[in-house]
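The form predicted alone is given below as one chain in structure tokens.
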């Protein structure tokens, strides 16, 4: 450094409180959780509160709209309810910029400021979109998540990421902004159709595979109860899944993913690409189930994962009704290359730095590699395709 160069370098830290609650009947007048949470998150008097809700969820739960209005009327001295916008749910929501623009216009029209709250009531895609709008308007409006799917209550809704899809890539545009709170109401799950209810179980299996063999054994033992919609058991599984995800975010030293290590994305490099290739006809849970199966078989073929453990994992995934293979896994480019393998480079770009893929040595014990054998991946895909063909003969 020469005499003409001067620098000011200071470290500073920002403390976040990550609140994740489990409750029942969040809009019941005698349930003070939502109102007290809003009060705890701001010093403003009567902050403005606007809600964005999943239209499909509202249609399946016609009483929620009146319960919501009754709740805010009951707490009118503590907050100002500014209305509710319904948007279509599902991943396609994140593909259309007009929905984001609509939210920005409403934020302006309703004069929502940095001391206001936007409540997102819906599944993962809606939480992503609303969280992104809230975190970018006025450089950050407070937001609260009320997840309505098992997938978002046990996994995505408990995280700190927001995003929309762009250029054919999932979550290409996004932010790391923790919500002021996440409130999981188990009652919201009771209207879910079977395929969407079980989606949340695959993310619970994922986190058990990489972090907690006892949790995996519990899911194995309780599979029948989960499939019979025993909501006491479902709540326990989603609570444990959420706890693992929150602890990873808060204690692993990299909450905003500045490094290339992302163990919570086990099975996701191919899942994200599969979702895009299917035009999001595959749900996130369905794609992750296939992605986990692929990476488990690859782990076995590399000699990391024992055959007995592989069979346990695949048997549990199938027990919940998930497919282990989709024909898009074998889709080829004009040059005869597997399109799914392009997901590896997209995954690296999304993380930044070098490619880092979580694999398994045992149930509950993940490790990371920085390259994948393309030929062995193709062999793993062919194994899945062969098994699928056998099941249908």
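Positions refer to the first chain, counted from 1. These numbers come from a predicted model, not from an experiment.
Below, we turn to the form predicted together with a small molecule, even though it does not appear here.
This chain is drawn without the small molecule; in the predicted complex, the residue among 347, 325, 57, 27 with a heavy atom within 4.5 Å of it is 57. Interface residue among 296, 125, 290, 242 relative to the small molecule in the predicted complex, by the heavy atom within 4.5 Å criterion: 125. Shown alone here, residue 99 lies farther than 4.5 Å from the small molecule in the predicted complex, counting heavy atoms only. The small molecule in the predicted complex comes within 4.5 Å of no heavy atom belonging to residue 142. The closest heavy atom approach of residue 168 to the small molecule in the predicted complex falls outside 4.5 Å. In the predicted complex, the small molecule stays beyond 4.5 Å of every heavy atom belonging to residue 255. From the list 220 to 228, 156 to 164, 111 to 119, 300 to 308, the contact stretch for the small molecule in the predicted complex under a 4.5 Å heavy atom rule is 156 to 164.
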